[in-house]
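This document starts with one chain, in the form predicted on its own, laid out as structure tokens.
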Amino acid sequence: MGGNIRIDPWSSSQSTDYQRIIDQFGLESINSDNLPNPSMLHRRKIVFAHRDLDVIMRAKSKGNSFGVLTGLMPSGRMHLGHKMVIDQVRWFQELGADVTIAVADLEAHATRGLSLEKCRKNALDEYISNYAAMGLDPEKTKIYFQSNRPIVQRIGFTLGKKTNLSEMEAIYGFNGETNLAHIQAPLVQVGDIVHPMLDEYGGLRPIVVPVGIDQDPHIRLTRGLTSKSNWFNLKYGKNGGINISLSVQDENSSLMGINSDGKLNRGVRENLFSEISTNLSSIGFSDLIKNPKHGTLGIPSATVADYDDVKSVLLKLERKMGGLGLLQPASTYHKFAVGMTGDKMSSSKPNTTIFLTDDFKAIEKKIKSAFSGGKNTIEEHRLHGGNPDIDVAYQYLMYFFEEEDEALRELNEGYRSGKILAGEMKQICIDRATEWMQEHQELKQQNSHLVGNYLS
């Protein structure tokens, strides 16, 4: 089977051994039966794994607020791969999430050499006009430009103190040749991901980031840094309950009751513990086992269902004391849609994907010349059938254009049995794709007046 899989956000070749990825990186599989109103991407296991999606679902079931964050690179054109992300964002929004979208204009300026003005124009014309057509609610969607939110860089630098080059090398495979802008870019992304939790951008609430599996390094980095920045650590007890321990750091040691000589200041520590107790009693916990000297506090009656509330109370206290008070972001992961040529989709390779500005002729031409899972001759195909798993036309119906699961199943079986020919599958895909595109273009025109409403 070979060694470990490396996941790289910037590589054009990626592993598609999704079960190994789940096992190696500690992801959890998604079961669409457990989701409210699962989308076709969930039902077809295209969105296949997650970190902490249950935290988001618990917030929804309790009627608490939660958010979803995504980003766009304003250097290329929007294509079907990007549509897949926005479909997921809209699904979360329909569940009640507020939406934040980062326009990575600083990154595009640094890595692609585009002026900020060009980035702005591109974001509006190529992306945001399409979001309006895809039904994102402008009332609950905030789109911002990195260059207009200095807090994003500031928080990236603040959290950057919690990591080092060795860790960045381990996560991203950086080495001595890597330029510093490349190393800095992930920290700006960390700022993008966590800043919607700040009080001025919606307040403390869980945030979920839907991504392709190639972006998981950014999620791992962000989850690690937010966790290291927390002042209060939570763990489930061996015999039940939840245990809290203090995380003494350079910036909070005196508030945690540690003097400059490293000795315990009992008075400060006792006051801190009484404040923690008062805060916990506000959510119904008074039976606490306190050990101020060791900096631990147990809540024996707390259960798994109480974890989010306890965490929230402690993060709010941390903020009151001057800390950041950040939750780890949740994330969901989708499989890659195959490119038209059988490779990865890419904005810089027009033949690998359908752009949302393509006309019907271009769509037809791309699908007709797409990689096929059919046999060499009609006789052979009728006899042995085709392989829908590698057939681009079928894959595009599955990922993008065929909403009905039953209709998709019939196409799959018809192709495998040889009843449906490769050319016929392509024609079905062309018909569906042009139908979808026509409707999309009409919606884009109808909703063009909304574009300015998304900008924050």
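Predicted model, so just to flag it, every value in this text is computed and none were measured. One rule holds for the numbers: they count along the sequence shown, beginning at 1.
The protein also exists as the form predicted in complex with a small molecule; that form is not presented, and the subsequent description refers to it.
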Exercise for the section: Check whether E318 has any heavy atom within 4.5 Å of a heavy atom of the small molecule in the model of the complex, and answer yes or no. Expected result: no
Exercise for the section: With heavy atoms only and a cut-off of 4.5 Å, decide whether E107 touches the small molecule in the model of the complex. Expected result: yes
Handout entry: Q189 within 4.5 Å of the small molecule in the model of the complex, heavy atoms
Key = yes
Exercise for the section: May I ask you to state whether N122 is within 4.5 Å of the small molecule in the model of the complex, using heavy atom distances? Expected result: no
Problem - Candidate stretches 66 to 74, 392 to 400, 414 to 422, 40 to 48, one within 4.5 Å of the small molecule in the model of the complex by heavy atom - result: 66 to 74
Exercise for the section: Please pick, from Q93, Q249, Q215, S147, the one residue with any non-hydrogen atom lying within 4.5 angstroms of the small molecule in the model of the complex. Expected result: Q215
Fill in the blank from the handout: Residue within 4.5 Å of the small molecule in the model of the complex by heavy atom, from V209, L221, M345, I155, is V209
